[in-house]
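This document starts with one chain, in the form predicted alone, laid out as C-alpha cells.
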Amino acid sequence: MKRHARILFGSAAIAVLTLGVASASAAPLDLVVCHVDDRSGSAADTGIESLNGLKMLIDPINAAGGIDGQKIKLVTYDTKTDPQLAASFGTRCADDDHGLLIIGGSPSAVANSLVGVANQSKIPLYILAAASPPLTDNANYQFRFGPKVTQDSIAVADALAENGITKVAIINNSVPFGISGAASAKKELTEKGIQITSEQTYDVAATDVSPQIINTMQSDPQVILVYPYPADGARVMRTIRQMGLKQPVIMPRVGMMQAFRDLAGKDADGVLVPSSVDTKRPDVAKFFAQYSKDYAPLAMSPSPVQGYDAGTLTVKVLKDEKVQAAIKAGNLQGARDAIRDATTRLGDFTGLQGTLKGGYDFSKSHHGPTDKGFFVFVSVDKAGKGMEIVDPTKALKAK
C-alpha cells in the first residue's frame, strides 16, 4: 500500500512538474526588437537619426498600451562602425535578448555582418541605409528599406540624360561605398550614352586630393559625380572650389549628411543630391517638424524616415494573426519565421521615404524601394546649413 501510494505520489509529482514545464514553455514571448547600428563611429548620424525615427513610431504605440496589451521592448546597441561589434551585438540580440527582429545596419560593412547573423540565427533583419547592392541578393531573413547605390545612379543617369549631359567625371573614395557607387554610376551612365571623361579614386584618409581634382579638370566634364564619406567629401569639395571648377557637382547620399555639410561649410553650397525624402509631401514635412521639436533641427535626411518606416512595418507584422499566434504560444523561432513571411505579405506600402509615385514593394523583392519614382533632387545652400528641393533641369542649366 505504501509502495502504491509512493507510486501515485511520484506520478502526481511528475504530472505537476510536466504541467509546470508546459506552462512555462507556453508563456507569451516579449516583443523584443533590437536596434543595432552605428551611433558613435564614422556613420553615427545615420544610426542616431534612424533610432530617433524608430522611437517616434514605437513610443506613442507603447504609451497607448502597446500591441494586444504588450509593449514593444526596444533594445539598442552601438556598433561604432565595427563589423565585429555588429556581429556580436546581433548574436546577443538573437540568443540572449530573445529578439524577434533586428533593425539597423546603416553602414554597408555593418549590415553585411548582420546579414550573416540573421541567416545563421534565423532572425529577421530590417536593413536601413546600407547601399551595397548584394546585401539583399538571394535573401532569406534580411530586408532593406534604404535604396541601394545602383538606384541613386539610375536617378542621376536619368536626370543627366534628360538634360542633354554627355560628359561626366567620377571621383570616389577607396571604401566599399565609393567603389560600388562609382561602378554603378559608370554602368548606368554608359547605358545612357554618357561619356565618362575621368575616373579618379583616392584613399579615404588622404589629406590631399588635388591630383584627382587636377585630372578631373583636365578631362573637361560637364558634371562631376562624387562618392565620398563626409570628411573626405569636404576635402574634395574644398579642393574643387579652390581650383575654380564651375561644373555642377552631384554627391549621392553623403551630400545631405549633416557631418559633411558642417565640415564643408560654404564649399558645400550648390551640391546636388538625389534624395529619397520628398519634404513637399505634407506628411513628410509634418514628420520633420516633429523630429526637430523632439530632438534637434533636421530636414531631408533619409535616416529618420527609414527608421520610422521600418517601425511602421514592424508594428504591422507584430499585429499579424500568425505572428501573434506564435508569440502567444511562446514559439520564438515560429514567431521569427512568421515575421519574415508577414514582411513579404504586408510589405507593400507608401512610407515617408520615397515619393507618392514610388514606395516599398517587399512582395516582389527583399529589397523594398522601387527603382522608379523614389527620388527627388535637393541642393545644399546657406553655407551648408540648408537644403531645398530643386528642379534638376534648372540646377544643371544654371551652372
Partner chain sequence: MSKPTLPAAPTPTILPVFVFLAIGALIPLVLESGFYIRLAMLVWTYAVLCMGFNLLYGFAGQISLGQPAFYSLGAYAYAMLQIKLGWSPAVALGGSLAFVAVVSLLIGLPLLRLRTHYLAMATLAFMLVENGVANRWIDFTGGQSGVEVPALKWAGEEIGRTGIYYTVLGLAAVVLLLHDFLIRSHLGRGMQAIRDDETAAQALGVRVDLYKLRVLVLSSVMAAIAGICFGITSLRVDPSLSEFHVLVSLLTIVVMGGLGTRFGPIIGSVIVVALPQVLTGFGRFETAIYGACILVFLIFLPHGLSGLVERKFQWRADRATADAKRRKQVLKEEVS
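Quick caveat: nothing in here was measured; it's all calculated off a predicted structure. Numbering follows the first chain given and starts at 1.
There is another form of the same protein, the form predicted together with its partner chain; it is not shown, and what comes next is about it.
The closest heavy atom approach of Ser40 to its partner chain in the predicted complex falls within 4.5 Å. Within this chain, Gly193 is remote from the site of its partner chain in the predicted complex, having no heavy atom within 4.5 Å. Looking at Pro297, you'd find every heavy atom of it more than 4.5 angstroms from its partner chain in the predicted complex.
At a distance threshold of 4.5 angstroms between non-hydrogen atoms, Thr91 is in contact with its partner chain in the predicted complex. Annotation: in the predicted complex, residues Gln84, Ala87 and Pro176 each come within 4.5 Å of its partner chain through at least one heavy atom. Only one of Gln247, Asn163, Thr279, Thr201 lies close to its partner chain in the predicted complex, with a heavy atom inside 4.5 Å, and it is Thr201. Out of the listed residues Ala183, Ala139, Ala329, Met217, Ala183 is the one that sits within 4.5 Å of its partner chain in the predicted complex by at least one heavy atom.
None of 114-122, 286-294, 151-159, 307-315 except one has non-hydrogen atoms within 4.5 angstroms of its partner chain in the predicted complex; the exception is 114-122.
Looking at 292-314, no residue comes within 4.5 Å of its partner chain in the predicted complex, counting any heavy atom.
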